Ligand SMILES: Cc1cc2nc3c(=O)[nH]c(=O)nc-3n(C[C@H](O)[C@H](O)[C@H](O)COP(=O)(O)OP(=O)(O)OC[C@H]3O[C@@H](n4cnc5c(N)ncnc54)[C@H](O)[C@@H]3O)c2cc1C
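The chain that follows stands alone, in the form predicted on its own, written as structure tokens.
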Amino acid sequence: MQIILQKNDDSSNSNSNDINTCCSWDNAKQLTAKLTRIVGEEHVLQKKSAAKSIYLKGARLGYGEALCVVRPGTLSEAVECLKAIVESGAVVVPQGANTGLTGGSVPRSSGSHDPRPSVVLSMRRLNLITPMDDGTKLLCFAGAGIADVGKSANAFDREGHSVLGSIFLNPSVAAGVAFGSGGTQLRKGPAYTDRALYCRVNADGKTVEVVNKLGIVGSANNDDVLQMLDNLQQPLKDNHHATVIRSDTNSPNGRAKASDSQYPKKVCMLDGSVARFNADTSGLEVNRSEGKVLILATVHDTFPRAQTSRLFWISCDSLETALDLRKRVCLASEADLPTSCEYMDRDSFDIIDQSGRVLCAVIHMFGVGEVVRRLWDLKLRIESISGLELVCDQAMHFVNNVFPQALPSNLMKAGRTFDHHLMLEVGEYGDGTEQRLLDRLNAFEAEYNANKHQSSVQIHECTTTKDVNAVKAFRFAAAPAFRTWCVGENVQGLSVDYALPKNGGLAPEMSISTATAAAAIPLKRMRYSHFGCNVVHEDLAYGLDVNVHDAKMEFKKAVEQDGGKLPAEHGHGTEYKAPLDAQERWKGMDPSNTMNPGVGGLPVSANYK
């Protein structure tokens, strides 16, 4: 659960005591000098600045000070930086694109009571991707972005493994693995691989072990694989489509899974379990590791591209109707699952329309990728300036209606007529999958609308590329639009992501247990979800007189009473306490608590004491 805007929240302002603590640490000069020798002066950010601040402030919450931010440019540099930090006694905060939403990708705040200084180890510069096995797989360096993975797979007429709501910011592949991010792709499942190159800190808290599970030809030992991959960087920059790496099918690692291949079967079993959640302890330890190991590179399957694709906006008279459609149309057969099935309620529709038009216009103008990413970084830099923490969102809310409506007029009308909406993308994969699913959809519509004066289900097909892109941008703008709306309306916001049982899906009922809790009825309850997976993102707005912490505890209780699990895909970060088995798994990866201390409710001190 994430608090978007809370009264008396000064977490975005730096604390001078934190800075003094970092600067007075005995080993500070020696460590920064050593890091500078490894990566060069321009890639060690020490002084307080707007450039440094974007690595210290979370995309939605979280802020902490760091002795420095170090940005390695090769895998070998990353390993050497990690060794230097660990030897010095500092703690490590691994970071990708810093798009995480639960505070786990930035240093802990001044209230963490950990005397050890933090160093942010940013992997952004390690952003290269190489095709493998004739494009059926991709080897991704830790800083490679999800959007870039899609572009690389496209060269082989295939698709990448994930499409996230934040894809316009190009979040890193390694972070997706570390969180178990799922996104919209119902046929592919969450980010998952048992093939990775990574580092872990040994129990002595002073030495580092490189673990090679990539399973590629020519990587007999760790030194070989680091040198081999580093030597690829310039050729890859010159030719992104060259297939120069192959799987070693004679080794167990070369035959290991590079995606959750059983997910289509799992998601169609409509039982009381959830489809996916962040505390899942299965698989290689990099999966859902949340910064307790340093991921260097990972191997991922690519997926066949649909021969044809169609997108439908489906409006329903009730959530029960939408859930019945999910069961009878979307999940009736694992053989012909839709490409994606996304949901939003009326509050989501209204808030995106009222506060998300600017972002939708930017995505429409520039697409996903580097331009939007740089604009986002500029926003973070502005927000790091004292007194300007809210100015960007205030401005976007103020000028929102100057921009055109983000959706075509027929969909805007449907959005204001109905309270529940699905965005259903259907693809043909060569064996009649599209037609079978559309037959079920047409039969469902006919049955529900038969002998009724008013439609229960209304289906609009998006027939132009412009309309398809508009719908996708509208969905991707949901989370940022909520923050903008809260800031613009001067209210508090609370965000939660959770998984509900596959045979359920109704909104958890929020109990009002005391008279004072009556004030905790949300002003807006914005629900949008990866509907096929029953993974829900819920944003709740409250007045300034509400104790948001109490409200979120009530909501957590309501989700768990319905058999749900929190969080589902955003990671535990500093906001969620992980179950005991997940915590024990993380302790096994990082016995000295050097890597990302404090995540998932674990102690922040050395050795978890």
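In this text, residue numbers run from 1 along the sequence as written. Remember, it's a predicted structure, so these values are computed and weren't measured experimentally.
What follows is about the form predicted together with this ligand, which we do not show.
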item: Proximity to this ligand in the model of the complex, single hit among S348, T298, T484, S105 (heavy atom within 4.5 Å); value: S105
item: The single option of S219, T193, S247, T99 touching this ligand in the model of the complex, heavy atom within 4.5 Å; value: T99
item: Contact of A520 with this ligand in the model of the complex (heavy atom, 4.5 Å); value: no
item: is_contact(W313, this ligand) in the model of the complex, heavy atom dist at most 4.5 Å; value: no
item: Partner proximity in the model of the complex: C140 to this ligand, non-hydrogen atom cutoff 4.5 Å; value: no
item: Heavy atom of E569 within 4.5 Å of this ligand in the model of the complex; value: yes
item: Among 501-509, 440-448, 290-298, 317-325, the region lying within 4.5 Å of this ligand in the model of the complex by heavy atom distance; value: 290-298
item: Site check L169, S181 and P480: each within 4.5 Å of this ligand in the model of the complex by heavy atom; value: yes
